[in-house]
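What follows is one chain in structure tokens, specifically the form predicted alone.
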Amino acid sequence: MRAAAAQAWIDLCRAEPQFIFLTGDLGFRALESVREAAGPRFINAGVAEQNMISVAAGLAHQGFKPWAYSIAPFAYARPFEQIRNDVCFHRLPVKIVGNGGGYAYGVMGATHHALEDYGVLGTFPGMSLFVPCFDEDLKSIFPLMNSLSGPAYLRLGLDEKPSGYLPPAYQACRKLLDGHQGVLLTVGPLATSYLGPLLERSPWKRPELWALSHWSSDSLDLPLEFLTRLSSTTDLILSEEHVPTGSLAERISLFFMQNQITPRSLKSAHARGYPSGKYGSQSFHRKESGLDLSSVLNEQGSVS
């Protein structure tokens, strides 16, 4: 999604005079166009993510609208204290962007994987969380994030939609495919890895596919159509490239209990770390965690 993000930043830079972009010495062969468009409003903060976030907080306090970019774990884990103390406790409009969420950085290993990012950041007051599915989503998400008066985190991943698939208009939670074998709710671009195989099945032999892309530490809004679809005869699978603690599965389970929503069964497919102790591609780690479509559907109907 980096190319789509770069174009969205260029558009935002031209429309928003208070826009400032900070990068942790990343973006070679990806962000040069943003640097050219932003000019002096493009800041290479160096390999110093804690300082980058504190500088962004200071800029936001002075009325600017800073966006701070890095590889996902460097964007939220290394500057954890600065995000908590400098940004969130003051509810400053700093936008944090982590590229390559989940297992996206593959063989680069655990230091480059972001498996607990939105769970951790969702504990901070006023934090909005965005996990887009498609490149096209960024055209809607960037203006929305820029308009927020408080902090936000954006997890970028890989759009794997099949050729010819036209994504539905962006919504925080939306249906991507009809189906009659239960409901599969995913988070962000993981949904796009399921689209191709599911499209090869008839609607009678596949689950209804939904994707969640936006929520906040303060609220979780699920569409009435989605909630109406759930009943005591419906199996629900929640699939996300994130550890179970702090996951959307936890958040949605609490939502269901509070609102007396009772699907027939609830299965949580999630990141399991490194069961084999080995590193591989993103698809390798998804398979080990049971996040590939075949594993998810084989577990359909069981209760986690």
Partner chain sequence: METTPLSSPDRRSLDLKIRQAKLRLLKMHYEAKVGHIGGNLSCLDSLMTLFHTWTDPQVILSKGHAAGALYVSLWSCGKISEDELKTFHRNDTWLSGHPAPRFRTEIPFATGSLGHGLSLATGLALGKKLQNQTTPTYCVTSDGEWQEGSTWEALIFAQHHQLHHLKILIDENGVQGFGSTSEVASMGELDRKIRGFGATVIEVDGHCPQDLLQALQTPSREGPLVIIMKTTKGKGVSFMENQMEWHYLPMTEAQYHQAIQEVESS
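Positions refer to the first chain, counted from 1. Small disclaimer: the values here were computed from a predicted structure and weren't measured.
Below, we refer to the form predicted together with the partner chain, which is not included among the displayed structures.
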- line: Residue within 4.5 Å of the partner chain in the model of the complex by heavy atom, from 55, 266, 26, 243, is 55
- line: The listed residue (31, 37, 45, 252) that reaches within 4.5 Å of the partner chain in the model of the complex by any heavy atom is 45
Check all three, 175, 206 and 225, heavy atom within 4.5 Å of the partner chain in the model of the complex: no
- prompt: Any idea which of 76-84, 175-183, 137-145, 102-110 reaches within 4.5 Å of the partner chain in the model of the complex, heavy atoms considered?
  reply: 76-84
query: Would residue 20 sit within 4.5 Å of the partner chain in the model of the complex, counting heavy atoms only?
result: yes
query: Should residue 230 be classed as touching the partner chain in the model of the complex when contacts are defined as heavy atoms within 4.5 Å?
result: no
The partner chain contact in the model of the complex: residue 50, any heavy atom under 4.5 Å: yes
query: Is there any non-hydrogen atom of residue 274 lying within 4.5 Å of the partner chain in the model of the complex?
result: no
- prompt: Even though the chain is shown alone, can you say which residues of 88-111 have a heavy atom within 4.5 Å of the partner chain in the model of the complex?
  reply: 89, 90, 91, 92
